[in-house]
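Shown here is one chain on its own, the form predicted on its own, set out as structure tokens.
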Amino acid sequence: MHGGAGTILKKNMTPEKEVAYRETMTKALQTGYDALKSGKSSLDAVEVAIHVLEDSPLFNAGKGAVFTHEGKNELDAAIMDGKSLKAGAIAGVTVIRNPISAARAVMEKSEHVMMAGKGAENFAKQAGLTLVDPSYFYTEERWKGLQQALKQDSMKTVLDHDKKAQRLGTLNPDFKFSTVGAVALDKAGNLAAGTSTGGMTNKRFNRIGDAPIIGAGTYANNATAGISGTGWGEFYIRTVLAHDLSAMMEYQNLSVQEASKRVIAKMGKLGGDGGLIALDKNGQVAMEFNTAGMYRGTVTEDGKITVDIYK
């Protein structure tokens, strides 16, 4: 599992907050493990594990989603089944408590792969998912983050006369908050991957990142690996990062670790930053990132849980 990559430095983290992050990541990993141990599918494990992070205000997904320029929370998610290559995704929703479940409903209860906005919300309602008032997603910390981003935006407009910096929708990289994701391998040998996010602080124009785009931020294939990305989504989309990793494994016979290093390096050369988690069909794990830190953790077949944050 991952809980986002970015400028995560120990000097900026209070001991109490670090404990909270580690405890929540551990709870999510244990929840997914318990599902697998009881014989449930990798899809089930990914979904219930991500629920834990979506329900926590600590992570930029569900309850902890960041705010858009207009002061709203717009959520995206995707899930994929490595056995059938079926996938589901939702984007730009504002009232679905657990977007990962809506993504799974799109995969299993419709003929489509991606739904967005009001249509996705109406579908989720018909599918019997839990809807909430948009105020449910409000957290003081994320609201303050938006105010800080808006302040820097206004200063940039006054001080920066570079035409490139004045492009509509330009985002300050310092206000990229990342995503949550999970990958799992079940007793039947099936892989699954899921990703859920609130996107970028201060995003405009209903911007959608890589998380709900199959092959960019989320991908699973039993022949190779399950992959979930986190970081500057535009670069994951442009490099089709998750599928590229899978293709390197399939066509070049690379290990999951080597393929992960190569796709992160490729994205980094373009100016993108972030990380990924990948789990191959043999249970080998890769957790590659080019940022200062990434909330990440694993649980092995025997139930051993490891959680890391910094480089």
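All figures in this text were calculated on a predicted structure; none of them were measured in a lab. Don't overthink the numbering: it's just position in the shown sequence, from 1.
Beyond what is shown, the protein has a form predicted together with a further copy of the same chain; the following relates to that form.
Residue 119, heavy atom within 4.5 angstroms of a further copy of the same chain in the predicted complex: Answer yes; at least one heavy atom of residue 119 falls within 4.5 Å of a further copy of the same chain in the predicted complex.
Close approach of residue 207 to a further copy of the same chain in the predicted complex, 4.5 Å, heavy atom: Residue-level check for residue 207: yes, a contact with a further copy of the same chain.
In the predicted complex, residue 247 touching a further copy of the same chain (heavy atom, 4.5 Å): Yes, residue 247 is a contact residue.
is_contact(residue 86, a further copy of the same chain) in the predicted complex, heavy atom dist at most 4.5 Å: So residue 86 counts as contacting a further copy of the same chain.
One stretch from 190 to 198, 128 to 136, 108 to 116, 144 to 152 that, in the predicted complex, holds residues within 4.5 Å of a further copy of the same chain by heavy atom: Answer to the contact question: 108 to 116.
Position in contact with a further copy of the same chain when the complex is considered in the predicted complex, options 183, 180, 77, 80, heavy atoms within 4.5 Å: Selected option: 80.
63, 281, 51, 243 - the one with a heavy atom within 4.5 Å of a further copy of the same chain in the predicted complex: In short, 243.
Contact test, all of 213, 238 and 251, partner a further copy of the same chain in the predicted complex, heavy atom 4.5 Å: Yes, because 213, 238 and 251 each have a heavy atom that approaches a further copy of the same chain to within 4.5 Å in the predicted complex.
Partner contacts for 253 to 283, taking a further copy of the same chain in the predicted complex and a 4.5 Å heavy atom cut-off: Residues within 4.5 Å: 266, 270.
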